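Form predicted alone, single chain, as structure tokens, below.
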């Protein structure tokens, strides 16, 4: 195998595990990269104890001093950007450009974290003569972050810089499918001067997730993954009296109106559908075409045929994922939909062991078909046709998810009409992937998110801290009233 066996990280050191291991395989070519342990709850206990022991010292360090670590961390991300890009590509299957964008986004997230001293300054007000009230943000304690496979470096950086800069200590559980990035992150944080025990990594599967949700010394849990598991994690964590935000899946609809710019729309729809091989919760997986739309649909097909597996389209994460995605396409065909561009059976010369699905465009999809209602998580766009914008909005609102929705139009009034009615937490106008940039936070509605606040941007401050209110009185000569 190319890399040494993955280890857990706590007390500032890597520790071998005696647990059963899984092989880590590259989706690009099927090559064996490493092995990852399926750690036990007892190993989680060691990481939590490490974080707990480090909490007092770290939380009592001023936030101005804490963020100095992240100034250095940001510098190191730039220094190691090429290496990290290749690592993400190898373990996840992204193209190099997509992996580099993931590292660049991690840098942006870190830049927001170093701005936190300017954002968490408390408020103070004289509420009565000689009586002052003030607010201060305090860290929660030990927090945990459970990350998915599709963004092995960026999603951990959604949580880690903010949570730690605000004074918490953390246990990270990366996806067991892509554990290499989190291990490298731990090394870089140590190089940046992060004190031992502040950041810890425990690898594993279901047992570790259950242990995190149950552990009495963990105060908050963040999760990113499928809606099915997000519900389980949210219920388990909150039933154990923990603060939790669990981000789930999506079925994002792009509503295309007759006056949409044909070239921009076709390019945007294709990029949104096929970027990161469709393995992102902001990917467009459904297009609702309002009115006569054959010209734009033909252009979408032209653009889709320019997306070539192994060239500008990465691999899907596993053989199982490839089979599942292709199964959806086959079922749509059986149900009466028309396959305009067919990505089934894709292979890449010299990488026959890789797991690729080509871009796929499916037309005449009915709203009750599985490709219209379920999250496919692959480079597949399902096209539904309607006569009116209200019918399109009805289709969008009927789906149980609520991560993102976009409208393509040159009419500002119609754009506002859709924006106000789309049941989604993130809405775009002529943008296929309406991801908010810092300081705006990432977060969907409905079954795409469970819990209050967000784990990124300004909203994350409320999630990762608790608010203390202090009232003081310094004038004994003042009369006694209800404020006394």
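Quick caveat: nothing in here was measured; it's all calculated off a predicted structure. Residue numbers count along the first chain shown, from 1.
Although not depicted, the form predicted together with nicotinamide-adenine-dinucleotide (NAD) is the subject of the following passage.
Residues 147, 403 and 442 are all found to lie within 4.5 Å of nicotinamide-adenine-dinucleotide (NAD) in the predicted bound form, as judged by heavy atom distances.
Contact annotation: residue 375 falls within 4.5 Å of nicotinamide-adenine-dinucleotide (NAD) in the predicted bound form, judged by heavy atom distances. Contact annotation for residue 257: none of its heavy atoms lies within 4.5 Å of nicotinamide-adenine-dinucleotide (NAD) in the predicted bound form. Contact check for residue 206: a non-hydrogen atom falls within 4.5 Å of nicotinamide-adenine-dinucleotide (NAD) in the predicted bound form. Contact annotation: residue 196 falls outside 4.5 Å of nicotinamide-adenine-dinucleotide (NAD) in the predicted bound form, judged by heavy atom distances. Just one listed stretch, out of 70 to 78, 346 to 354, 378 to 386, 169 to 177, contacts nicotinamide-adenine-dinucleotide (NAD) in the predicted bound form at the 4.5 Å heavy atom level, and that stretch is 169 to 177. For the residues 358, 225, 139, 275, the 4.5 Å heavy atom test against nicotinamide-adenine-dinucleotide (NAD) in the predicted bound form is passed only by 225.
In terms of contact with nicotinamide-adenine-dinucleotide (NAD) in the predicted bound form, the residue from 332, 281, 165, 393 that brings a heavy atom within 4.5 Å is 281. Taking a 4.5 Å heavy atom cutoff to nicotinamide-adenine-dinucleotide (NAD) in the predicted bound form, the contacting residues in 240 to 274 are 247, 248, 249, 250.
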